[in-house]
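Here we start with a single chain on its own, the form predicted alone, put down as structure tokens.
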């Protein structure tokens, strides 16, 4: 029987070699002999095990043991072995864990890259169909729907989104009060998160966010010049000088009293210096963490990243990753959240069947109570899957999830990044290809390069300070 290596990724370090096995999403350290065996079987036509053992010339039993171990973990398998891809879903209906309430479709800024007015939301589409703001009554019914749908879960999450979320404080406060009451009655734990442009933060709102332990994500693009380039008021005046004093008040009041407060940076071309931008947001302003989100779903706009921009972006991410690793080797936390999130997934052995929880453990709610796959879909008229009064249309939900399963995406079959990507963002695929289940082929090279960067960072940290990853261990409750 001929054997050959299966798809894998190697990460050499100072003291050895780690290997990532996409089939199982596992990472393991290899000794020199195991690397030699992998090398020998890395041939398209395969090699007979007996032939290999005969040619070793020494240590036949030891070589056979190493080969058997590599076969057991799936690094080497029979050439003719075909594992029929399964696109089966978990037991349905799958209980919800997170509800994203789009409490407002209005905004007091006029950001040039906002997907609220993107390619899938043409002028006039749906005008007048939905209210601009979610009513408190709809917010309360949405919370009821979440708790009814979260069967058996101890923890549920509610995320508030917009437009500008804080334009609808009434619905937010009503939903939080109701959710906390239901949590007490059902012995669940409820967690809250909110995304805001920070223009409306005041002392009352800050106290409310702290009292209810919100996770807060603030949209800010860096220093004054970087931020004001795209994030201005409708008058054209930049918003940096308005939001930074408010953000500093929030950070000062929240320190140690709530969950980390993060900055979300939308990256446009020409790219800024990300190390300088990161330093400004963390050291000068005081954010706990910074996440970067390149504009990718609007290829025809001047600010969208193209071609060589991704090479520059990867080089800059690599520099930030070096800083992250250096901090980790000293046992310190670093706030580059893109890498932190990826390392967590690698450490937990995440092996995704779908790119994200959209339509599975997470759904979005439009201002009128219609349910969408996620917050990006609820205003786009694409893929509605029910409403809060009648619940999820389980036939539509199942049909979408079956079609969106990574094993239905032929192009993803041999990609080593498949476990952490699963084909990429549904919404971006809808915009780019007119099909939410289509793999995001336009950035496959980028995803592979970014995943490789994360794997190498993981190996470097594990090699020198494996205890760092204890912070990522799941805790039982």
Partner chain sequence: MKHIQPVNRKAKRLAEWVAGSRDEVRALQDTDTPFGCTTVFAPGWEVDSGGGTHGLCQPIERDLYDCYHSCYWPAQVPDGLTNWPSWAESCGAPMNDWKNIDLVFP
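Positions refer to the first chain, counted from 1. Just so it is clear, the structure is predicted and the values come from calculations on it, not from any experiment.
Form predicted in complex with the partner chain: not shown, discussed below.
Chemist: Have a look at 422-430, 66-74, 409-417, 441-449 and name the one stretch with heavy atoms inside 4.5 Å of the partner chain in the predicted complex.
Modeler: Looking at the other structure, the answer is 66-74.
Chemist: Within 4.5 Å, heavy atoms only: does residue 36 come near the partner chain in the predicted complex?
Modeler: Taking the distances in the predicted complex, the answer for residue 36 is no, it never comes within 4.5 Å of the partner chain.
Chemist: Flag residue 29 as yes or no: does it have a non-hydrogen atom within 4.5 angstroms of any non-hydrogen atom of the partner chain in the predicted complex?
Modeler: Within the cut-off, so yes.
Chemist: Any chance residue 349 has a heavy atom within 4.5 Å of the partner chain in the predicted complex?
Modeler: Yes, contact at 4.5 Å.
Chemist: I'd like to check something about residue 25: if you look in the predicted complex, is any of its heavy atoms closer than or equal to 4.5 Å to a heavy atom of the partner chain?
Modeler: Yes, contact at 4.5 Å.
Chemist: At 4.5 angstroms, heavy atoms only, are 157, 160 and 368 all close to the partner chain in the predicted complex?
Modeler: Per the other structure, none of 157, 160 and 368 touch the partner chain.
Chemist: Of 440-473, which residues get within 4.5 Å of the partner chain in the predicted complex if you count heavy atoms?
Modeler: Result: 458, 462, 473.
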